[in-house]
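Just one chain is shown here, as structure tokens, and it is the form predicted on its own.
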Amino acid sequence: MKKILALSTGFILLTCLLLSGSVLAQDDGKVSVMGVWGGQELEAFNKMIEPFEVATGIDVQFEGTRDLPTLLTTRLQAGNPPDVVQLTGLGMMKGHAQEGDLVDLTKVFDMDTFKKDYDQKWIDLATYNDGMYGLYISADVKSLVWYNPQAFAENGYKIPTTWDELKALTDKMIANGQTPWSIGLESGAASGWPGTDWIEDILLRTAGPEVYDKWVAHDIPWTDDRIKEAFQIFGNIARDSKQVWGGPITVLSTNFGEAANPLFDNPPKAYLHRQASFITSFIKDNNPDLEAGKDFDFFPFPPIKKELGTPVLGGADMISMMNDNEEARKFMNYLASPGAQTIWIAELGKIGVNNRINPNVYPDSITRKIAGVLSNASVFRFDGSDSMPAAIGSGAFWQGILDYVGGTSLDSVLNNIEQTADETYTTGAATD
């Protein structure tokens, strides 16, 4: 086994070097990188940069911070930005591109090759005013509904492919004396965020990506009927004790990492759980005897309006360049390679975005299937709350979800969030 692992590591290292031919010349320089990564992610980053440092002689110096907007602003004001930065959302990328802080990556990459390696959606997401200012190295998929295949088989349930089929399935479960959904909104100081994902997925399927983008940018108010409709669809599930296990009280008190557990009780307390691809690690930790694909599986969050299809909501690791120097150019080209990204996603269980990544790098059939969902998606959008200013996205929106599930009227919830949004954008606090 050790020999196999050593050969695998050597193969990945060799692949990285061969696929990054533009970085092989030896150099004594350095490249500074700023980001929010810590813990396991920082360990994965260090493993990913090791082949680059060995091959080039360039020293990659990482500076981590939990308050990236503030530190980056301070460095920019001092005229000392990092060479490369991990930006945390589309709004942040577009804001810095507008200020002229970022390098247009179409002048860094061979775009003919780049367009073969990356689907157009990743180029479009990184484009601002005809320039490309972000490089995506991995993604997480959120538009997934998890279920217990054996419980489905025992009850004769079939996987729904439309919202109407999903509603018919949940109605059948209720008629059988069962509870369809399990939802958990508790996450310490971040409680409420799982509900924002529901709203975002629903809005993409009822109003479309253009309306979604306007909502995230606050070009339409939170009191808009289309936003209200998305909340109502979520509320019809999360506030209904027949639809969700334990009713609203349990929804509010259950930690998101434990919310899938009722699917695996005998008999199950619930049969459906909507959560991102990272929930697999929680399922395995809480239920170590379960086998992916056999004991737990997923289907895509179904389309609601046929014409809007099945968009994918998620997160993505985005890298931008602030200083145009040779070391930073070499490093960005390396990060764009399938070899570098293979190390990153293999360490973290994320989904690759470079088309040349070998699907065998994924640890199981579940992850390979999730990669297929992402690859086949015609529309991908970032998590909305993460893309909004903190006072809204991780403030009023998170709290609004808790208030709404707890029984506060929807009009009151939306008016409160809209007031915060108005104040935030009026005072210019929306720059992060």
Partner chain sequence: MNMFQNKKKWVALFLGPALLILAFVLIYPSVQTVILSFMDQQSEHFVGIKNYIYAFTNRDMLISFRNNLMWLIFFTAGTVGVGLILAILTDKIKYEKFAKSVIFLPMAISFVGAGVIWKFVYTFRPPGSKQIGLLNQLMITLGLQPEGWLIQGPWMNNLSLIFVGIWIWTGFCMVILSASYKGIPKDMLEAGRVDGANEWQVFRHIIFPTMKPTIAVVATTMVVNVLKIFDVVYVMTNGNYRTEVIANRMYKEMFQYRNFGRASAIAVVLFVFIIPVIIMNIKRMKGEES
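The model shown is predicted, which means the values in this text are computed figures rather than measured ones. Residue numbers count along the first chain shown, from 1.
Unshown form predicted together with its partner chain; subsequent notes refer to it.
Engineer: Just one of 110, 99, 291, 124 has a heavy atom within 4.5 angstroms of its partner chain in the model of the complex, so which one?
Structural biologist: For this set of options, the contacting one is 99.
Engineer: Of these, 199, 252, 132, 238, which has a heavy atom no more than 4.5 Å from its partner chain in the model of the complex?
Structural biologist: Among 199, 252, 132, 238, a heavy atom within 4.5 Å of its partner chain in the model of the complex occurs only for 252.
Engineer: At 4.5 Å by heavy atoms, is each residue in 70, 395 and 416 next to its partner chain in the model of the complex?
Structural biologist: Checked in the model of the complex: all three residues contact its partner chain.
Engineer: Give a yes or no for residue 245: in the model of the complex, does one of its heavy atoms lie within 4.5 Å of a heavy atom belonging to its partner chain?
Structural biologist: Because a heavy atom of residue 245 falls inside 4.5 Å of its partner chain in the model of the complex, the answer is yes.
Engineer: Give a yes/no on whether residue 269 approaches its partner chain to within 4.5 Å in the model of the complex, heavy atoms considered.
Structural biologist: Looking in the model of the complex, residue contacts with its partner chain include residue 269, since a heavy atom lies within 4.5 Å.
Engineer: Are any of the heavy atoms in residue 191 no more than 4.5 Å from a heavy atom of its partner chain in the model of the complex?
Structural biologist: Contact check for residue 191: yes, within 4.5 Å of its partner chain in the model of the complex.
Engineer: Against its partner chain in the model of the complex, would residue 423 count as a contact residue? Criterion: heavy atoms within 4.5 Å.
Structural biologist: Judged by the heavy-atom cut-off of 4.5 Å, residue 423 is in contact with its partner chain in the model of the complex.
Engineer: At 4.5 Å between heavy atoms, only one of the stretches 72 to 80, 211 to 219, 146 to 154, 159 to 167 reaches its partner chain in the model of the complex; which one is it?
Structural biologist: Going through the listed ranges, the match is 72 to 80.
Engineer: Relative to what's shown here, the Cα pair residue 322 and residue 394 differs by 3 Å or more in the model of the complex. Does it come closer or drift farther?
Structural biologist: Closer in the model of the complex, by 3 Å or more.
Engineer: Out of closer and farther, which fits the Cα atoms of residue 217 and residue 69 in the model of the complex compared with this form, where the change is 3 Å or more?
Structural biologist: Farther apart, which means the C-alphas of residue 217 and residue 69 are at least 3 Å more distant in the model of the complex.
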